[in-house]
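The form predicted on its own is given below as one chain in structure tokens.
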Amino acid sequence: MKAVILAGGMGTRLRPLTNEIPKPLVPLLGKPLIRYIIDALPDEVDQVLIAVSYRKDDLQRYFEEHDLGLDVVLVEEKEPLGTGGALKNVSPYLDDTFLAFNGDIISSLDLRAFIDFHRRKKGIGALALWRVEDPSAYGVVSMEGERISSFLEKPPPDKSPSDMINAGIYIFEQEILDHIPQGTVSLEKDVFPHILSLGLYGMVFDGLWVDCGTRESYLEAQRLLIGGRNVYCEGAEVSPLADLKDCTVLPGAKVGDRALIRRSIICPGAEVRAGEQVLDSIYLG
């Protein structure tokens, strides 16, 4: 089986951190975000296709230097193609059922159980679903049993059909590629609403799920994974007199005496000087 990771975006919501680091390689607890997806793949996945546009060379270098025990192929998009267009772009490599992931997701989904769920349902695909209090920022589904009956992308708060959202983890039959046109295409807006009659199913899971595309959600993932402690990456220098809470200090960064830092990411090489305050920021220095 093959797995596709959709990593073609520029990580604009994590700038300026992503000015120099592609979002898939942004470290979370010292491990690149993309490794959280790859390391959780079941044994039957033998090839990973990464749809990439921004800073492809950085990703290429990473996978040349790190043997993950899988065949990793980077498939370049000359320009960002959206979630559907990215799948269409990797279609020459796909010949059977495949997994697909948004590239900034951290989750506890049991992928083996997800694959089994899809095979039992025998539809064109399945989506992992997560429940949230406010679904207005996400793709929201309605269900008839375990079958998705409607898909609405980012509905107004008072128009949401349910509290179940698209978690950005999918399994598809190759047939779905026939329903994706060339060019820039959104799976959520341009494809899912039109293939419901072919059997699109949803599996709700619980445990852990975070979309790490923003500073707030990145730090939330950190809190969930390690229980709220600060993270000081190898090579960071943090004064014992500094006062930090809900922060990540990345390699090469320095934090001086009496610095006050809250809910922030200190970028590689940045310096927070003695007595300086950094609040709710991605700090480049």
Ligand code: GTP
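Computed from a prediction, not measured in an experiment: that's the story for all the values here. The first residue of the shown sequence is 1; numbering continues from there.
Heads up, the form predicted in complex with this ligand isn't pictured, but that's what we're talking about next.
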| query | finding |
| --- | --- |
| Residue contact check: Leu244 to this ligand in the model of the complex, 4.5 Å heavy atom | no |
| Non-hydrogen atom contact Thr12 with this ligand in the model of the complex at 4.5 angstroms | yes |
| 4.5 Å heavy atom contact, Gly82 to this ligand in the model of the complex | yes |
| 4.5 angstroms heavy atom contact with this ligand in the model of the complex for Leu187 | no |
| Stretch from 96-104, 158-166, 112-120, 145-153 whose residues place a heavy atom within 4.5 Å of this ligand in the model of the complex | 96-104 |
| The single option of Ala221, Val52, Leu49, Ala253 touching this ligand in the model of the complex, heavy atom within 4.5 Å | Val52 |
| Site check Gly8, Lys23 and Ala86: each within 4.5 Å of this ligand in the model of the complex by heavy atom | yes |
